[in-house]
Each structure stands twice: as structure tokens, then as C-alpha cells.
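Starting off, we have a lone chain in the form predicted alone, written out as C-alpha cells.
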């Protein structure tokens, strides 16, 4: 296991930090995409968000759901359900001392799968593209979790 003072010099940890930052930024961008769709579709969830479109009954028509906004929100929720576990398990995996080439393969497949999943959700691409991209990222996280458990099993 790597010591904390050696982490910045550890190539696997630097690779993890790079790809974790990429997928976290991608997940953060989904908030901006949601806001864009809410504004352009004039579909808001909170009354105070409609204030610039009028008062009273004229503003109430903007308190509604929109299929495009909900699609983006579902994509963002899927990011939360998959990137957060990758963030934790990927860190533990990086600290278990895997080969750099194996770690890069895991990190790159996960990041690519999440980016493809976002495009598949937003465009939308025909199935099974979204399902396969989700499964690839999920399998990578499971693979890293298996490596962590097999390396440091104290059950």
C-alpha cells in the first residue's frame, strides 16, 4: 500500500486523480445542461424560478415537467449512481498497487463508458448503446472492487 506522502509520485494514483477529475467534471456539467434545458424549455420545478416570466397565474404555467428536462435529469442521476462509487472504489483500487497499464485500462474504460452513456442519453442513441455503456462502466467498478477485496480481505 502506498503511503500518503508518496501518493503524488505514484503514477497509478495520478492516473486515478486524472480520470476521477474528468468524470466528476462531466457529472458537474450535467447540472449546467439541466439548467439550459429548463430555461430553453421554460419548465421549472420551483415557483421562485418562474419570477422572470411573470407573476401569479401567468407564471404558474411554467411550473411543469418537460420530457427533455427529465431525460437530462435521469442521465445526471445515473451519473451520481455510478461515478460516486467509482470515486471511492477507484481510490481504494489505486492504493492497492495495481500495474499502471491495468489501472489505466480500468480508468479509461470507465471514463469513456460514462461519456458515451451521456451522449447516448442526450442525443438519444438507439439501445443497446446506453445499456452497454452503463454495463461497461459498472463492470469496471466491480472489477476494481474485486481487486481491492482480494488484496486486502479482512472479513
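Numbering follows the first chain given and starts at 1. Note that the structure is predicted; figures quoted are calculated from it, not measured.
A second form of this protein, the form predicted in complex with another copy of the chain, is not displayed here; the remarks below concern that form.
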My question is simply whether residue 121 lines the interface with another copy of the chain in the predicted bound form - judged by any non-hydrogen atom within 4.5 Å. yes
If you check in the predicted bound form, is residue 68 within 4.5 Å of another copy of the chain, heavy atoms only? no
Although the partner isn't part of this model, could you tell me whether residue 39 comes within 4.5 Å of another copy of the chain in the predicted bound form, counting any heavy atom of the residue? no
Is residue 48 close enough to another copy of the chain in the predicted bound form to count, meaning some heavy atom within 4.5 Å? yes
The listed residue (29, 105, 115, 59) that reaches within 4.5 Å of another copy of the chain in the predicted bound form by any heavy atom is 29
Residues of 50-83 having any heavy atom within 4.5 Å of another copy of the chain in the predicted bound form, listed in sequence order: 71, 73, 74, 76, 77, 80, 81
